[in-house]
Structure formats: structure tokens, C-alpha cells
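One chain comes next, on its own, written out as C-alpha cells in the form predicted alone.
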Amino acid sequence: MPHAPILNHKDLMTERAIQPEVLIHLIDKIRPNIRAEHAYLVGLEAHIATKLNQNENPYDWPSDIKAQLFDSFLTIPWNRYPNDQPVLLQKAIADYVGLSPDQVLVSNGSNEMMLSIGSVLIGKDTPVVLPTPLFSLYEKIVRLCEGQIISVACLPDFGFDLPAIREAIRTNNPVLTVIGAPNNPTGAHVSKEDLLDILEISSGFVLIDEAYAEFVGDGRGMQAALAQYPNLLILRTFSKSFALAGIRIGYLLGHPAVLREILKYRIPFMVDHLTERIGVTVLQHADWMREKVREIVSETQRLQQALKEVPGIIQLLPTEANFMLFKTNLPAKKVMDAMSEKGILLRNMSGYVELNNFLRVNAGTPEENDRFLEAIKIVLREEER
């Protein structure tokens, strides 16, 4: 008996067209709170030569360090699974922050760890305190987990309203409170004393997002408080100060017993051999990172001072991170588009209700910053006509 011919995908589509009602029926099976969301997409403009919109470190790692890393990677068997958890990187991070390896959980970027934390802690109608504005992914994750967002508005100067945050914690007894230190998207910072006050009154967890911690003071952050506060979680990333936005390494610091519970949710092999080796290598060269951070901090301060003198800029927010927000006397989109035409990419922050018509620029190299300053003066002068 002859075999039936094997149909390829094109044959199948030709033989039986998918009926719209079938697809609608399938889509209806997806959870309603997922369908209500928008995908988190970041568009890129290929023609942009000066990219100052994503708070990246403008300096790539030296080629000799990259070569050293890839030489070592050639000795690793690619046909074997990595460890379920990247223990070498875990140990290297622990040494870097002055903790033990069981106080470190490594992730495929800090965004992935945010989702893990939300999935572990947040259930339907679970209260979560989020000061606003805050990195928008936090609100999205709470919605995905069907939690209850307890928003706390910022002060008129866009700093944290700490008394209101404390009151929200007392009133709602949240399972989780999130604080950015420094805060994305505003650059506002919170003192260690104020963070300790929040930890002291919280019966739930307090997640301190320290993505930009290395740009503040000695870069030590809040890890010393882990010895006293088991409800403290600290989220960090290699994307900013460590100049690894394209590699995806994040990590969570916390009490070992808490991290063991979060680990139960996470699937194995989230960090591959190459990523682990890159993380270990750059930590061995942390002095290079610290030198570049000092340069970026200096350039951030220079940009802040220069923007104060630019005609047409009507508001400039103080910052403790590597970026700053400013508002001009023109619509933000108009300015951003004009700057894009000059090969300089900024971020329009109008997606945040509180930041309507604000633009964001991160510190680049001195040459990039000079181009930005020259261009913004020209754009504001030309667009006013």
C-alpha cells in the first residue's frame, strides 16, 4: 500500500484555511489579564550614531579582555549542559558584594528576576506598594500576577514621598514594596536611613532596585542591611555600570532561606556557559568598570551644569544616576524627532503620566555629550521659529 504524501506547511495552509472563528476561540483561552496587556517592546533606530536613550554605559569592554574571555570559552564543551545554577558566577558576585554565595541568585537579566519575584510573591488581589513614577515593568508584572497596585505619588520635585510610602505600608500591609535607589525613571535617590525606616515598618518584603547603585558614592548599596532584615531583597544588573546590556546578567541579594524559595519557581539553565564566563571575567576586571563609572559620573555632572544654561530648557531634574530628565518649551516628541534627524537618540518620557513632555538623556562619552549639547541648542533655537 503506497504511503500518503508528506505535506509541508504550505500544503497544509492551502488544503485547509484557518477559519477566523477558530483563531478567536483559541485566543479566548488566553488569560484575560494577559490579553489586556501590551507587549513590552523597545524600538531601535539603525541610523542613530549617538545613542543616549537607554541609560547604557557608553564604553564597550576592551578587545584584549574579550579575546581572553573567548579563548577560555573555547575550552568549554558546548554539548554539555551548564550547571543548573551558575555557581562560578554566583561565587564571583558574592566576593564582589562581600556576601556569601547562598545570598546570591543569578538571573538572565534583572527583568527576568523581577518576573520571578512577582510570580513567587503576588497572587490575585495581593497588595503591592509601588511609588510612582517607577520603572514601568513593575506595574506590568503586578498586573500579570493579578495583584493590587497601591500607588504612592511622588513629591512635586519628583522625589519619593516617604511619609506617604510608610503610611501605605501601614495601611495595606503589602507583601511587597519596591523602591528604586536611584530611581528609574527620575534619577531620585533615597538615603540608607530612609530605606532602613521602610524596612523596619514592613512585615512584607522590600525590594530595592539598585540597577544604578555603582553611580552613587562608594557603590556599596544596602547589602550590609541583609544581616538584620530578612525581608530585604536587593536587585542588581550588569547592564549599566558593567557595560553588559547586550549579555543579560542580573542578580538578587537576599536571605538564603528566602532565595531558596524563589529558586523553586525558577527553571534551570537560565544562565548559559558563555554568559557565566563573561560575568566572571568582567568581575575580575572590576577596576576597569570603576574607572569608567568615575568618568560617567563626571560627564553626568558636566551635562547637568551645561543644560542649566541652554535657552529653552525650562526644567531639569537632579539625578544620582547616569541619566537626567529635562523639559523644554516645546513638545517632547517634536524635540526628540528633530534630535533623531541629527543622529542623536533621546527618550520621550511622556508614557509616564507624571513625566509628560519630559525627555531623558544618559551620559555618553565626552564626544557624544558634546554632540548632544550642540544639537539640543540648535534644535531648540530652530524649532521655536
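Heads up: residue numbers just count along the shown sequence, starting at 1. What you are looking at is a predicted structure, and each value in this text was computed from that prediction instead of being measured.
The discussion below concerns the form predicted together with a small molecule, not included here.
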Task: One stretch from 161-169, 109-117, 284-292, 78-86 that, in the model of the complex, holds residues within 4.5 Å of the small molecule by heavy atom - done: 109-117
Task: Output flag, Q90, R266 and F269 jointly within 4.5 Å of the small molecule in the model of the complex, heavy atom basis - done: no
Task: Distance check, N184 to the small molecule in the model of the complex, heavy atom within 4.5 Å - done: yes
- [ ] Give a yes/no on whether D209 approaches the small molecule to within 4.5 Å in the model of the complex, heavy atoms considered.
- [x] yes
Open item on the list: Test of understanding: in the model of the complex, would R248 fall inside 4.5 Å of the small molecule by heavy atoms?
Closed with: yes
- [ ] Would you please decide whether S239 lies within 4.5 angstroms of the small molecule in the model of the complex, comparing each non-hydrogen atom pair?
- [x] yes
